[in-house]
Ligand code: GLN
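One chain comes next, on its own, written out as structure tokens in the form predicted alone.
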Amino acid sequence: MDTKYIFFTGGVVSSVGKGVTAAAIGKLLKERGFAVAVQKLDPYINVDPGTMSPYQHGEVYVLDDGAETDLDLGHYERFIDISLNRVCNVTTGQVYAEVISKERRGDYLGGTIQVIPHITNEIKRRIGLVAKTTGAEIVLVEIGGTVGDIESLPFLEALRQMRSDLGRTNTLNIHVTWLPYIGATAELKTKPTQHSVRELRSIGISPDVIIARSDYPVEDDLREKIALFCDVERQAVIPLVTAPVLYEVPLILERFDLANYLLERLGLQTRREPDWTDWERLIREVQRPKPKAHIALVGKYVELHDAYFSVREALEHAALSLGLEVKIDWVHSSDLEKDRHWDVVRAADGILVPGGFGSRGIEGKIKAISYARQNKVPYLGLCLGMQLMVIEFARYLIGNDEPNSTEFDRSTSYPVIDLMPDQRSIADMGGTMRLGLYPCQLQPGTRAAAAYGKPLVEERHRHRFELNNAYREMLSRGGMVFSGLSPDGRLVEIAEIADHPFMVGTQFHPEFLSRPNRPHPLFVAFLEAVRNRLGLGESAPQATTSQITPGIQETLAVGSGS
């Protein structure tokens, strides 16, 4: 069959929920037996979000092939349970860089380079790559931003052309818009939706389906009004009221029979009846009252929770599997340096330090890690969280604050964390880290091995620095267990403290592979330790290693000169 394309545009306001809507519809179609992939078209001129501030963009989501992408790709993978690749996130920067590169090589034979056809052709080429590289039968394409944004115009024009190129039975347009609520009159307004549809139609795109987002119930008369003034069928106006549980969105859309309507418009027939048993059980479990576990997430971007979106979701997934309700207490690491908000850390049932870059707030994170180690509080460190766990442990062993990472102190006498050798000569910052899926060999008898239940795993990375092997033996003699290594033994991927209920750090980002019905093993193990601390479960066996040996300070000092 010909590849089918569903295009998503947004109206009225940004952050209206296009990504979640696209992911939910992808889930509906996969449940009916179709191979699905999703692509995000981002209008910004950055090549990718890899060098963007989390405050600007939120989380950078990393794929198996190392692509640094928009956090919406996390929605796609989690909802649909698929693995995407780098062609599934396209930016204006990528498109223009490719066209300019071709022009410099002379590929256009001296022609004048224009938005139409050169830029739009490159956009269409990249959309076409999704089906070729993933084998998808239905490709869902989300355009970032809102209709009317000047940055989105080339993408919208490319979509308009694709309907002509592929035919109306192979393309379908979904417009996701917001219905504002006027408190003074207690009513929802459809006029902004009408204006956004008019704007969309002025550039040649008529929506086939309108998803009407709202914080309040949408009555049938409003659906009829939108259908009338926006020239869509009444059954194609789908109200999507903000759901208390994110993963409830597919079930809401299912109740409106949206998937069957889309398949009919695309000339397709359902291959199998969807089975929502597990998904409905998931929603019921979310809504069921459960014991609450407080997790102190100590980060440096906590003002914007989207900076840690996958971490938050991974905690939720693991908590559901264990019959817990996780309550994340957001703690700014810089505040801990000023002796603020320690009451939150002390009251926590578990402490998590996520990834990050730069020296701001680092000492606050290390203080939180020290508190977790000394007070036997379950701890999980992700990427930077592992590196700081190593730094804190080295400082404890030698009795001073000299051990550090060369990322923060290039002249440190004890560079226990150092730049990876293959990173030393790199000048460009974007797309040059250790990125993507790498294998990890687990060491028998460790907490990590017990959590995974198998000897070899693959995890997604995003980092430049690593544990300095010159200190590996000394840290091990001091009581640190290196429970996950690269298959050649060269890189430490997981570290843990032996005489602790659960203190584990990973060089990779396990949160990227967690799924609602398949939580990540390390997050599950972490929350199992939290549950044990709450007196709700049995204690897991502890890993074994040698005790701290005499003379560790002198030994570490020798290692620093290697």
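Numbering starts at 1 and runs along the sequence shown. What you see is a predicted model, and the numbers here were worked out from it, not measured in a lab.
There is another form of the same protein, the form predicted in complex with this ligand; it is not shown, and what comes next is about it.
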### Query
So in the predicted bound form, are 248, 281 and 516 all sitting within 4.5 Å of this ligand, heavy atoms only?
no
### Task
With heavy atoms only and a cut-off of 4.5 Å, decide whether residue 356 touches this ligand in the predicted bound form.
yes
### Partner proximity in the predicted bound form: residue 464 to this ligand, non-hydrogen atom cutoff 4.5 Å
yes
### Query
Could you tell me if residue 384 has a non-hydrogen atom within 4.5 Å of this ligand in the predicted bound form?
yes
#### Entry: Exercise: residue 349 in contact with this ligand in the predicted bound form, heavy atom 4.5 Å
no
### Query
Where, among 207-215, 292-300, 376-384, 487-495, do residues come within 4.5 Å of this ligand in the predicted bound form by heavy atom distance?
376-384
## Note on the structure
Answer key: of 509, 520, 533, 32, within 4.5 Å of this ligand in the predicted bound form (heavy atoms) is 509
### Query
Which of these residues, 407, 157, 313, 72, gets a heavy atom within 4.5 Å of this ligand in the predicted bound form?
407
